[in-house]
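Single chain ahead, by itself, as C-alpha cells, in the form predicted on its own.
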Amino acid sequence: MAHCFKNLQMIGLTGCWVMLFLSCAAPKNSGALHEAGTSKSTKGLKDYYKNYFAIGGAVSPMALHTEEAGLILQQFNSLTAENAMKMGLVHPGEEVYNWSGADSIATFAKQNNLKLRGHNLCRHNQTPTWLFKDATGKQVSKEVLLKRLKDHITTVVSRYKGTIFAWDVVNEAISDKKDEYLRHSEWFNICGEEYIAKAFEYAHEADPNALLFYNDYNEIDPIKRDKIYKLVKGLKDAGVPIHGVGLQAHWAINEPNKEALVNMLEQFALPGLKVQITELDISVYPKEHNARGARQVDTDTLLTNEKEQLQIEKYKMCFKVFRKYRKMISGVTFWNIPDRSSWLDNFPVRNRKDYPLLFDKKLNPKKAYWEVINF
C-alpha cells in the first residue's frame, strides 16, 4: 500500500483515492467464492495472470492525472499510449515534435515499473498530410517519403529507447477489401509495399532491443487473417526484423466464437513469432464493421442484463482460450480502462454509448471481471 501511495502522490492523487482503488476489486455480492472477494484484497488482473502474460491498458495522458491512475496501478503491469504517440500528434509538422503527452505516459510507466508498448510508428490514419507533400503542395517522391519515415521513426524510437519494450511498427496496412491485399494508402501509393519492411528496419536500427510488431484488426475474419499471415510470414522469411503480430481484438457479444478464436491463434503459431492481443474490447452490441447512421434501435443504450450476460460469456471464453495458448501469447492489452469512455461510443454509431470493458463508469469491476479472474 505504501508503494502505491507513493506513486499516486507523484501524479497528484489524494490518499483517500488509494483506499478506494485498493478495495475496488471487491464484488458487491458477498457470497463470491474467489479470493478477490474481499475488500482487503489488493490483487488485480496482473496478479491473477502473472504466470500467463502481461495485462495492459491503453491510456491517455489525462487519465494518469485522475483517479483512474489508482486503478491502473492495481490492475495492470503494462501500458499503451492510446493516441499520444501516433504520428499526427507527436510529429504534426516537419520540424515540430510534440512530446508532452507521450513523455507523461513514459514517465508514469517508468516511475511505476510498468511495461510500455509504443503505438504506433506508421499508419494510414492519424498521419499528418505534410509527410506526403512538398513545399508546392505536390506529392513527394518515394525517396523523400522514405527519408521522412526514417527520420520520424529514428527520432521517436531513440527518444524512448530503454523505456518502450515493444513497438507497433506498422499498423493496419492490410486492405479490408476481399480482393485487395494491401491498403492503398498514401504510403502504398507512393512507396509500394517496400515501406513496410523499411519501417521495421528503421525501428530496429534505432533500438535493436525493442520487440517489433505488425498490428491489425478484423483478424478473426478468415480472408483478412490469411492476408495478415501472408504479410507477417513474408517479412520473416525475407529476414526483416519483425518479432510478432499484434491482434487488435475489437470484438463483440456475437464475435468471435471459440472455433474462430482457436483457428486464428493456431494460424499465427509460427516459430519465433510472438503474439499479443493489443486492443481488446468486447462491445455489448452485435459486431458491425462499418460506420452508419443511427437507427431507432440505437436509442436503447442501457446495459441490460441480457447484453451483460452475453458479454460475460464472451470474456470468459476468450480468456479461457488465451490461457490455453499462453506459450504463444505474451501480452493482453485492453483498449481503455473503464466504460467511462471508449472509441466504441462513436463507432459504428456516433454517440451511442457502449460498455466494452471490465470496469464500469464508476471504475468498479463488472461481473465479467470476476469470470476473467475466476479460474
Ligand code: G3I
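In this text the structure is predicted, and so the values were computed from the model without any measurement. When you see a residue number, it is the position in the sequence shown, counting from 1.
We do not show the form predicted together with this ligand, though everything after this point is about it.
Enquirer: Is residue 343 close to this ligand in the model of the complex, meaning a heavy atom pair under 4.5 Å apart or at it?
Expert: Contact check for residue 343: yes, within 4.5 Å of this ligand in the model of the complex.
Enquirer: Is residue 83 one of the residues lying within 4.5 Å of this ligand in the model of the complex, judged by heavy atom distances?
Expert: The answer is yes: residue 83 has a heavy atom within 4.5 Å of this ligand.
Enquirer: Can you check whether residue 50 is within 4.5 Å of this ligand in the model of the complex, heavy atom basis?
Expert: Looking in the model of the complex, residue contacts with this ligand do not include residue 50, since no heavy atom lies within 4.5 Å.
Enquirer: I'd like to know whether residue 117 contacts this ligand in the model of the complex, with contact meaning heavy atoms within 4.5 angstroms.
Expert: Residue 117: no contact with this ligand in the model of the complex.
Enquirer: The chain here is shown without this ligand. Which stretch in 119-127, 99-107, 263-271, 180-188 comes within 4.5 angstroms of it in the model of the complex, by heavy atom distance?
Expert: The contacting stretch here is 119-127.
Enquirer: Among 152, 204, 250, 227, which has at least one heavy atom within 4.5 Å of this ligand in the model of the complex?
Expert: Partner contact (heavy atom, 4.5 Å) among the options: 250.
Enquirer: Is every one of 172, 335 and 350 in contact with this ligand in the model of the complex, taking contact as a heavy atom within 4.5 Å?
Expert: The answer is yes; 172, 335 and 350 each reach this ligand.
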